[in-house]
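As structure tokens, one chain now follows by itself in the form predicted on its own.
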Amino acid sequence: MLNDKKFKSLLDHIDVGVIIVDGNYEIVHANPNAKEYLGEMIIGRPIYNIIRNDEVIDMINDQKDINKLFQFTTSAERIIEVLHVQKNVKIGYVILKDKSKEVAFENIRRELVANVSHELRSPLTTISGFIETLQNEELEKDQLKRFLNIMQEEANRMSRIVSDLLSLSKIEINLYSRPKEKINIINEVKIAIDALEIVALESQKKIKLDVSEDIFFTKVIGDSDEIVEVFHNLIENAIKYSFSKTDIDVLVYLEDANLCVEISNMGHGIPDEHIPRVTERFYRVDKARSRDIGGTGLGLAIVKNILLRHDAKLFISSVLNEKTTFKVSFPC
């Protein structure tokens, strides 16, 4: 049967991993999926040296048809599920499926639910506490006004979190659908700057735009609204986390075959150990300061996912108490 080219071709085109072993438990054939899961050099090796799961090996030894799910982790940290085991005296096979992405997605889902619950619990507790106080106590006018202002701030915070979560969900739904529109990045940068100019002036800061002359007619493939959201989030962050009376510098230029936009500010900066994680959902370098200035911890996660959809890259560099730069690079 193993010499049958049609049979091997069939195994090579199914969407699960298949390993075939001989009577000595040596692997005599593995389809491409199985090799991808477990490594290219598995032919000729005993299966018990490859699948290090005693329950699976015991089932093969028992020479029984088994339809029971087992999981094991490979040396490359992939989580593989055993769907079926069948073995007789001369030959046997094991059917495998890679569960790594499903497990990772489930872990992300659990973490997201936990994070959202935690982020919303705090403002809800605050509002609930103040409502209880208002219901049971007579308050002076100034005190009443202060309590109501705090409740309004907490309600606004919840509204921002929900809004950002909806935005992130919408982006993730379309993550693998590449945009088709040709856009001029300069226009999107200017829209974001115009929307934030008053915010910057209120903080005694200025946004300065510098555009290289050779890119005015350069276009990229992208979704205009999403690109505006990228630069709105990055410039808004630069304003929030910069020192008073400093400039936010926005530089647009060509670099090789890429159109690059840099947003730089002078501020407290980001310690090196935090840089790889700042695009994670709800991750904050300084939680207290971020909440004080109204951050939800979702802005950079939104930026990361939009850029993934556009096949663009984000680079972050920062010197403590000096310059921090977020550089976005789009393929032209």
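These figures come from a predicted structure and were not determined experimentally. Counting begins at 1, following the sequence as shown.
There is also a form predicted together with a small molecule; it is not shown, and the following applies to it.
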**Message:** Please tell me whether any heavy atom belonging to Lys240 falls inside 4.5 Å of a heavy atom of the small molecule, as the geometry stands in the predicted bound form.
**Reply:** yes
**Item:** Contact test in the predicted bound form: Ile42 vs the small molecule, heavy atoms, 4.5 Å
**Value:** no
**Asked** Though only this chain appears here, would Asn305 touch the small molecule in the predicted bound form if you measure heavy atom gaps against 4.5 Å?
**Response** no
**Prompt:** Contact between Asn31 and the small molecule in the predicted bound form at 4.5 Å, heavy atoms?
**Reply:** no
**Message:** Please pick out the stretch from 240-248, 179-187, 128-136, 99-107 that is in contact with the small molecule in the predicted bound form, where contact means heavy atoms within 4.5 Å.
**Reply:** 240-248
